[in-house]
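The chain that follows stands alone, in the form predicted alone, written as structure tokens.
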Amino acid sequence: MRSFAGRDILSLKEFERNEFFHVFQVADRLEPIARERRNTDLLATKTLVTAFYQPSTRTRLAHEAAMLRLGGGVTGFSDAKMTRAGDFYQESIKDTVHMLEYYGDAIVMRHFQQGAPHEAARWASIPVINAGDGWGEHPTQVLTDLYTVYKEKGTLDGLSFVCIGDHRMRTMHSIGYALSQFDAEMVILGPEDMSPTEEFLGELDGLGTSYRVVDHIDEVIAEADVIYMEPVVQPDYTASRQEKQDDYGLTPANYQITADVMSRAKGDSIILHSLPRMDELLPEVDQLKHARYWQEAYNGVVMRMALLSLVLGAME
């Protein structure tokens, strides 16, 4: 297995099956630190640089919390408009990264342009972690999600992942790539104008991901092991920022999870949602035994602890 030390985390297309389990094992070793709400000195000599060109709550704060739990420092920006990268100068990624690499030991980047973290990795002498790039990928989120499933189910093989929402989304891309390494099925459910592109489906075919497309949640709710959700009402991920409009659509019933829908689900099925949500996942579901999105958020800190410790060479 390739070493993670000094490695960029840009895409799950690059991950091999044994690498998923290795990251999970490291996460298990570090999880007590987060559970006991204590800090350690594992990365006491390291600094993480956050470069967020697009709004974020969980991803940015989970990386920062992970670094602090490991004893490291954090610097960076959460609004590019307050930097020379986002004001009049519109500084290039190359120039920005050449500067940021002197301020810390790893860069975590979210950007509205697909491929921006890959571009950053070309120029950076330190590891770059992709925290979401436009419609591209979101590898750390999907590693978190699969870790959550693995902890709940004890396996990633033999499972049906019903993926509901906008299939142009970066999380949908990353989970489709990741499931190629497991004996699992990706069930694709979403509006026609949010269908996966032919290019993406071709990639899934090339990787060997098992998938099929359905039209309504009622077709598959009884067989779903994991209900993996994203909104169908959401902002444009190719924009740096988008304010909510007064007039916006509502989620059609065939893409919505309610208590009534879950009454027909397997007793041990689980619901994941990276949040934030609109009306595709109603609050009435929060109290059901299937809900795992709060545990998913907690695991986001644990997973980033594992990744940071690996890429910065503190864990093997």
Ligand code: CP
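Computed from a predicted structure; not experimentally measured. Note that residue numbering follows the sequence shown and begins at 1.
Heads up, the form predicted together with this ligand isn't pictured, but that's what we're talking about next.
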item	value
Heavy atom of Pro252 within 4.5 Å of this ligand in the predicted bound form	no
Close approach of His290 to this ligand in the predicted bound form, 4.5 Å, heavy atom	no
Touches this ligand in the predicted bound form: Arg110 (any heavy atom, 4.5 Å)	yes
Contact label in the predicted bound form: His167 to this ligand, heavy atom within 4.5 Å	no
Which of 40-48, 64-72, 271-279, 22-30 lines the interface with this ligand in the predicted bound form (heavy atom within 4.5 Å)	271-279
Residues of stretch 134-149 in contact with this ligand in the predicted bound form (4.5 Å, non-hydrogen atom)	His138, Gln141
